[in-house]
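Next up: a single chain in structure tokens, the form predicted on its own.
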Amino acid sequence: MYEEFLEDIAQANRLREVNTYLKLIAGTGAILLCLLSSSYIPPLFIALVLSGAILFLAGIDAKTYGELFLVPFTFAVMSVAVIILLSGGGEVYWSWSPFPWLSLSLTSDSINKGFFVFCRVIGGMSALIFIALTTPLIDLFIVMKQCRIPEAIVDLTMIIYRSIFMVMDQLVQTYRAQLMRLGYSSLRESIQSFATLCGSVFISSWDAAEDFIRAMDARCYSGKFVVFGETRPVEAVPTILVGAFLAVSSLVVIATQGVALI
């Protein structure tokens, strides 16, 4: 998905005009509740609610959402598999010792712990993806300025953010040129093309960065970027929805303390 960046999706979603602080409160509050929960139910509840908000309120394509979730989901599955097989404790359902120094087992405590960690990852990633898909980074820069974060940090973040697009632009152009010349027609050609791609993108990105520096000097850059944007008003309906979501999630966290899968 070279052509479609998260920033493009965030700029076009239906929640674009909602106050940035409300979206950040909803996302960060959900992450904190996932961390405070002692049961697998609250993270699952948060993941379902935020996934519904992303798909139906923000109007994000389900395929795009699924592609974003694929990497953290795979990481969570592998991590949980290790936790379940190695942690032990409680009633033993299955065990195997392939080596004297390695013992694998399925126990009630390990399954509960692994599933709890998995649900936490899913709930936290839902909150992060919600913020990423509904809030353009320029709005976050405005919030950082208003929260009086040191200007050096904000400016450095903006430069890094712009550099990502410069690198991606060079990557896309070089990759398309290689495809047109059948650079990936075989395994050997693919390896050579990939090596050439890495070197070409590095050199092109370096040249683009130098052009960026010269452009800033030509515009009398004095070490401070100006952030243009507007602070959207806090509307009643989004505020009520965010408050209700966090209140219900908090009640779920309190009501399900200590609830385990097995």
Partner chain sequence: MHIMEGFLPWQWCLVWWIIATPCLVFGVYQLKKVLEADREALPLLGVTGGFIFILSSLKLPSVTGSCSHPTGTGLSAFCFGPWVTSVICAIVLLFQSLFLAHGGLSVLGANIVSMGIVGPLVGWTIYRVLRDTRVDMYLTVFLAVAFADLFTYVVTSLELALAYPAEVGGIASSFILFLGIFAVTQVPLAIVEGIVLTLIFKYIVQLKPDILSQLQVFPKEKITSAGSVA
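What we label the rigid core is the largest C-alpha set whose atoms superpose within 1.5 Å from one form to the other. Positions refer to the first chain, counted from 1. Here the structure is a predicted model, which is why all the values come from computation and not from measurement.
The form predicted in complex with the partner chain is left out here; the points below concern that form.
*Proximity of residue 163 to the partner chain in the predicted bound form, heavy atoms at 4.5 Å*: Residue 163: contacts the partner chain in the predicted bound form.
_Check residue 111 for me: does it contact the partner chain in the predicted bound form (non-hydrogen atoms, 4.5 angstroms)?_
Residue 111: no contact with the partner chain in the predicted bound form.
*Should residue 168 be classed as touching the partner chain in the predicted bound form when contacts are defined as heavy atoms within 4.5 Å?*
Yes - in the predicted bound form, heavy atoms of residue 168 and the partner chain come within 4.5 Å of each other.
*Are any of the heavy atoms in residue 58 no more than 4.5 Å from a heavy atom of the partner chain in the predicted bound form?*
Close contact is absent here: in the predicted bound form, residue 58 is far from the partner chain, nothing within 4.5 Å, heavy atoms only.
*Can all three of 36, 82 and 120 be found with a heavy atom no more than 4.5 Å from the partner chain in the predicted bound form?*
Yes: 36, 82 and 120 each sit within 4.5 Å of the partner chain in the predicted bound form.
_Single option in 95, 146, 157, 173 placed near the partner chain in the predicted bound form, where near means a heavy atom within 4.5 Å_ = The residue in contact is 157.
*From first to last in sequence, which residues of 136-154 have any non-hydrogen atom within 4.5 angstroms of the partner chain in the predicted bound form?*
137, 140, 141, 152, 153 sit within 4.5 Å of the partner.
*Classify residue 236 as shifted (yes) or not shifted (no) between the shown form and the other one, where shifted means its C-alpha moves by 2 Å or more with the rigid core superposed.*
After core superposition, the displacement of the residue 236 C-alpha between the shown form and the other one stays below 2 Å, so no.
*Please say whether, between the shown form and the other one, the C-alpha of residue 124 moves by 2 Å or more once the core is aligned.*
Residue 124 C-alpha, core-superposed: shift of less than 2 Å.
*asked:* Please state whether residue 183 has a C-alpha shift of 2 Å or more between the shown form and the other one, with the rigid core used for the fit.
replied: Yes; residue 183 is a residue whose C-alpha shifts (by 2 Å or more) between the shown form and the other one when the cores are overlaid.
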